[in-house]
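Form predicted on its own, single chain, as structure tokens, below.
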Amino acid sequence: MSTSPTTPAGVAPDLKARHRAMWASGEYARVADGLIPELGDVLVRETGVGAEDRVLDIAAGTGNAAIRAALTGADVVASDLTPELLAAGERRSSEAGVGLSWEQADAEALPYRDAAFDVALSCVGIMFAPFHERAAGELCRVVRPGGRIGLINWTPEGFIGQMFAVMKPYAPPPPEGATPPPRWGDETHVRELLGDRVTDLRAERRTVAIDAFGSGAEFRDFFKSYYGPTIVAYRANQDDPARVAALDEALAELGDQALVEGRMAWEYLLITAQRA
């Protein structure tokens, strides 16, 4: 496993350190494995991953998609900026008895040669690289002509996109020039990012059913305990009890509004495309 990913030109190293620390806080595996495990299966199936493929999972986290891809017999590399997530994923893959490579890498400066992979995937991962154009360029660069790209990203209008909108006034300011993560869930934005580097781009909005929470407060408490971006928003306001209380109320209200007969529907955008 590489432990020194390349920092993109013009990006302050401390930005990447903060990004790593955000995702290392909490327990992202509780989200990926406990709430949305089916998204990895969806992405692998819709991208047509099989035993003959060499696959890169970008911003793989704990391996939601990468492990599923490896179970098909594909040769898989799971890459992520955060070593703690990779370590958790490696433990999961070992327990599942499936082999793949876990490598630290920045989605905006991937350490792989051009056209090195048959398939590149990202399951609610690449969307959190702050500079979308750089990440899109790297995504396309490492896929061979005729290879496939598969992405799942939260939409701006869906529940997680709304959650980020609620947290925005309380979160640390984004780096200059960064694009909000849920824009990767906007079809027009993704088409502009990928441009003529891909063909046969197909986009479909879908939802994943979440029945883990009995109330908005239960949802809020889960995310403030385990989800890095939410943890960081609370830490930024920890010395201001009034702002913490306001964020508590806003997230609980959002959760209550989304619960219908004990279930939430979180919308995502599924993208599949072929490398030109």
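All residue numbers are counted from 1 along the displayed sequence. No experiment lies behind these values; they were computed from the predicted model shown.
What comes next is about the form predicted in complex with a small molecule, which is not displayed.
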item	value
Whether Leu81, Leu85 and Gly125 all lie within 4.5 angstroms of the small molecule in the predicted complex by heavy atom	yes
Selected contact from Val49, Ile67, Ala233, Ala32, since only one has a non-hydrogen atom within 4.5 angstroms of the small molecule in the predicted complex	Ala32
Interface stretch in the predicted complex with the small molecule - options 169-177, 138-146, 117-125, 184-192, non-hydrogen atom within 4.5 Å	117-125
Exercise: Ala107 in contact with the small molecule in the predicted complex, heavy atom 4.5 Å	yes
Close approach of Leu251 to the small molecule in the predicted complex, 4.5 Å, heavy atom	no
Heavy atom of Phe213 within 4.5 Å of the small molecule in the predicted complex	no
Touches the small molecule in the predicted complex: Leu247 (any heavy atom, 4.5 Å)	no
